[in-house]
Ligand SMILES: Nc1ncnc2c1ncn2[C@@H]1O[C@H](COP(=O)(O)OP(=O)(O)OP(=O)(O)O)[C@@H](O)[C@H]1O
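What follows is one chain in structure tokens, specifically the form predicted alone.
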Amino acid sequence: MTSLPDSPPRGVDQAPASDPVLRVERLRKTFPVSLGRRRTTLHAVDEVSFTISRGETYALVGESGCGKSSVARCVTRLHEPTDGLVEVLGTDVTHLSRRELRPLRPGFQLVFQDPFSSLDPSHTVAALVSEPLRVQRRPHDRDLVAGLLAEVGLGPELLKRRPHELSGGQRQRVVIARSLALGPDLLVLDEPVAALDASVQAQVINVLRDLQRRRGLAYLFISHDLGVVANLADRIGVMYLGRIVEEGTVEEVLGAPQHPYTQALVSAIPVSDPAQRDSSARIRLQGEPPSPIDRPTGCSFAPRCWLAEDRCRTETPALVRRAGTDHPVACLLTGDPVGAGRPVAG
């Protein structure tokens, strides 16, 4: 069992509400691909379902290329979903046009990994933070912009600076401040601290935690770093080759992982004292993930799984609660499905 990093308890007044801010059901995203004369399909996201309540952080984790960023882009409608449902604040946004989306955009905002690429280098911080307000034709002034900066721990002396005059951590805080300008209920955070060093990561995570408490924000947090996720998330969905293979609370998934893939990820979480790590407990996966263009039959993890049986290569496991587990797992080896064995969504 892995010991989880300590994190401050959630305020009672910001406990997740029952009505979801985001509901994703059986989301699919495919891309047409041409390989010479052969035309085929890349399956980026396949049957992904989850919900996020107000004041809650749901993290999608997995290796690069597993589809977690494609989920983020479908949720924010930078990608058109191939199938399924994306519902934000009770409104189905799955196939809305750009014009139909415009009045809904203030409710959900996206924060990218690289803050420097997200900011126009010719604009001042004041212009960058107020940009959403100008686009939505809302009133704004210096005090409002300075207030947004203050919320992310930056002072008004930065208003006249440009991105190249800021540190990486300051740039990411400016991006977060800009995402708050329209008063969103949902922030989609796509690897927001991956480009920062460890000490700055901790500062930004603290900013995000404080904002969530004050504003009751819902976060969809995309990351490959389970150490970071453990400090911010309430629930985790582990993705592999476009599908969620395990889902539950941080304590359930990281403290008692059931899927072999999750066990391998958890075994690689850095510890503060390397002398305390049992080197024999580290699970090193062999080979690379299969191609999302030519996926294997049965369990997609079977080609790399040290426990795989013959049936794993022919039967596709559903994400369900199974006997002996307290959270949904998509693995045939963890026990028989509980009840009717219906797939668990969110």
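A residue's number is simply how far along the shown sequence it sits, counting from 1. Keep in mind that this is a model prediction, so the values were computed, not measured.
What follows is about the form predicted together with the ligand, which we do not show.
Heavy atom within 4.5 Å of the ligand in the model of the complex: which of 252, 151, 131, 191?
-> Checking each option against the ligand in the model of the complex, the one that comes within 4.5 Å is 191.
Interface residue in the model of the complex among 48, 66, 59, 319, criterion: non-hydrogen atom within 4.5 angstroms of the ligand = If I apply the 4.5 Å criterion carefully, the residue I get is 66.
In terms of non-hydrogen atoms within 4.5 angstroms, which of the given stretches 177 to 185, 90 to 98, 208 to 216, 68 to 76 touches the ligand in the model of the complex?
-> Correct option: 68 to 76.
Using the partner position in the model of the complex, report whether residue 285 sits within 4.5 Å of the ligand, counting heavy atoms only.
-> Outside the cut-off, so no.
Can any non-hydrogen atom of residue 55 be found within 4.5 angstroms of the ligand in the model of the complex?
-> Looking in the model of the complex, residue contacts with the ligand do not include residue 55, since no heavy atom lies within 4.5 Å.
Do residue 33 and the ligand share at least one heavy atom pair within 4.5 Å in the model of the complex?
-> Contact check for residue 33: yes, within 4.5 Å of the ligand in the model of the complex.
Applying a 4.5 Å heavy atom distance criterion, does residue 44 contact the ligand in the model of the complex?
-> Contact check for residue 44: yes, within 4.5 Å of the ligand in the model of the complex.
Residues of stretch 143 to 182 in contact with the ligand in the model of the complex (4.5 Å, non-hydrogen atom) | Nothing in the stretch sits within 4.5 Å of the partner.
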